[in-house]
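Only one chain comes next, encoded as structure tokens, the form predicted on its own.
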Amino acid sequence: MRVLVIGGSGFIGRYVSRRLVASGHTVVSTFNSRPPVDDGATWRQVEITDPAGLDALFALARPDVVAHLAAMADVGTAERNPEAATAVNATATQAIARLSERHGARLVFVSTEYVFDGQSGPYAEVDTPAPNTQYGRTKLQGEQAVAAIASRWAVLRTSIVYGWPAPGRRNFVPMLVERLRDGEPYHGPTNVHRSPVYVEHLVDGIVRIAEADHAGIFHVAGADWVTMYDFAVAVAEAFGLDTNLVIPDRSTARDRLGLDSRRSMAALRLHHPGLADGLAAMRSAAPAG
């Protein structure tokens, strides 16, 4: 199978590209500004808001499946740059959907829990989106474009994703581990809920959808719906660090996001790992040094 991974140099995209290559697929992955290390994929630089660049990319890759992970994903950055967020998350996704349809490729679009308003999570696949951030609004517009344009498509929403990033990149769990090891406290919000998922477990879902031609909307997130305070305590316990350094912060406004993934995990015939499973797997995969 020929797979085009758009956003392959990002945190999740690196893991997706690596897994697809290991499974024997022919993979073309894209990067924007940072050339990745060679991991068996064919890498191409592309700016996804450039229509000519996308046209050339699809002509080169000739994909059977497109996994679209590129996004302006930082909520604050999207709020400060609404037009850029729309261009990347919505308009470019629309163009990718059109090109996928033109080339007869199935399209897997990775989306987010932020398409919901955070009032009554965890959210199921059948719940009605109601985003209240620019990031969430533009990702929902991307979802709608995919469903309207592509005849063979899947949308996969996820929650906060953790794991080991590439050198020079950042991710919540490694940052927290480093902080706690240095004896610095972390104030964990007790009113902010998420469904944390280990990146390799998320990739299980993305690859299963890509390989098995599943269609529709899927939620792939962790089995545990926890506060960020509880998440941080679990990280401290998993890595043998002082849980007393995790201090409950009750000042944050209520934000009940997170995803109910039970229906999707059953449909994909995947084990639904919880937070302890994911942190144990992450710890066992820790890079040397």
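Start at 1 with the first residue shown and count on from there. Please read all numbers here as calculations on a predicted model, not as lab measurements.
Omitted here: the form predicted in complex with a small molecule. The next part is about that form.
Spot the stretch among 211-219, 122-130, 175-183, 153-161 with residues whose non-hydrogen atoms come within 4.5 Å of the small molecule in the predicted bound form. Selected stretch: 153-161.
Just one of 115, 107, 85, 110 has a heavy atom within 4.5 Å of the small molecule in the predicted bound form. Which one? If I apply the 4.5 Å criterion carefully, the residue I get is 110.
Identify which of 73, 149, 140, 99 has a heavy atom within 4.5 Å of the small molecule in the predicted bound form; exactly one of them does. In short, 73.
Contact at 11, 48 and 69 by the small molecule in the predicted bound form, all three, heavy atom at most 4.5 Å: Checked in the predicted bound form: all three residues contact the small molecule.
Look up in the predicted bound form whether residue 251 has a non-hydrogen atom within 4.5 angstroms of the small molecule, and give yes or no. Taking the distances in the predicted bound form, the answer for residue 251 is no, it never comes within 4.5 Å of the small molecule.
Hey, in the predicted bound form, is residue 135 touching the small molecule, heavy atoms inside 4.5 Å? Yes, residue 135 is a contact residue.
Just checking whether residue 32 would be counted as a contact of the small molecule in the predicted bound form - the rule being heavy atoms within 4.5 angstroms. Contact check for residue 32: yes, within 4.5 Å of the small molecule in the predicted bound form.
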